[in-house]
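Heads up, the chain below is alone and in the form predicted alone; it's given as structure tokens.
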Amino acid sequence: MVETSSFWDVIILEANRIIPLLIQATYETFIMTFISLSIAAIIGIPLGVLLVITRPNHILEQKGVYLIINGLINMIRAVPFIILLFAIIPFTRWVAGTTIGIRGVIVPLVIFTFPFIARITESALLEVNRGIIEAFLAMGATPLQIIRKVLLRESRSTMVLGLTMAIINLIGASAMAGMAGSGGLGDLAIRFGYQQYDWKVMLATVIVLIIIVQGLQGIGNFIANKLKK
């Protein structure tokens, strides 16, 4: 009986130690993820739209604009996040005033994510039936009306799934950013799970990340299915 009581006492002590750490780290992860996603979407979605409408034989064909945007996105996407994180430290310090903590990691997360969102947007818009676009053009619709009422409206479901992928990629990137002291679940796993050989914290962090990813994917799928109908 004494041994059983001692076992549960240890479990309770460990839970009391780890749970507050997980709550704080999860909160930090959500903050940096959703701020980064919001800014990246503001940049990436318009760029994705421009990639579509300025390409050859589209409503606002501009070969020069298309090549510049396409090249910029390809260049940034070619750089792995962990390299990007350290390569732009001077720029991050200039923009955010720091390179550590939540504020310091948002800049590289945004730069890492907006090209991905631009490509997601481009792919989603290219799936829109060209016949619908031609029909609106024949009725005298302006390019802006076609973008709002045809391209973005018809691609909503696909874009939601793409943005869900972007969030999950951001969570993974924010975990890697823990190497730079960004805070969040990645920082928790590195400081306690790796540097202090605390396998309990490492395991708990992995479980929380799996739950978050599964939950976000489920929500994204649900919203996308609703928009299809």
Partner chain sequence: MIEITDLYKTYKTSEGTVEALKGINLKVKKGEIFGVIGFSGAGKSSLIRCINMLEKPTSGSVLVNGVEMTTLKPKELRQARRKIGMIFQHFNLLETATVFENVAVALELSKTPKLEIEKKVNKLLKIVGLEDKIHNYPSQLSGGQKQRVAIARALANDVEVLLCDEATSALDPQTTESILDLLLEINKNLNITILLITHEMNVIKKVCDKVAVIEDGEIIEMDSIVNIFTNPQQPTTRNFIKSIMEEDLPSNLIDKLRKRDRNYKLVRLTFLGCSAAQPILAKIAKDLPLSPNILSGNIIQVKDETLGRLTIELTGNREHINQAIQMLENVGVLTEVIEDGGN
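Numbering follows the first chain given and starts at 1. Given the structure is predicted, the values throughout are model-derived calculations rather than measurements.
The following text describes the form predicted together with its partner chain, which does not appear among the structures shown.
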Is the gap between residue 143 and its partner chain in the predicted bound form 4.5 Å or less for some heavy atom pair? yes
Taking its partner chain as it sits in the predicted bound form, is residue 131 near enough to touch it, meaning that at least one heavy atom pair lies within 4.5 angstroms?
yes
May I ask you to state whether residue 107 is within 4.5 Å of its partner chain in the predicted bound form, using heavy atom distances?
no
- Message: Contact with its partner chain in the predicted bound form for residue 139, defined as at least one heavy atom pair within 4.5 Å: yes or no?
- Response: yes
In contact with its partner chain in the predicted bound form (heavy atoms, 4.5 Å), from 70-78, 84-92, 153-161, 107-115, is stretch 153-161
(message) Residues 17, 175 and 191 are flagged as a possible site; in the predicted bound form, is every one of them within 4.5 Å of its partner chain by some non-hydrogen atom?
(response) no
Partner-free chain; cross-checking its partner chain in the predicted bound form, the single residue of 100, 126, 135, 96 with a heavy atom within 4.5 Å is 135
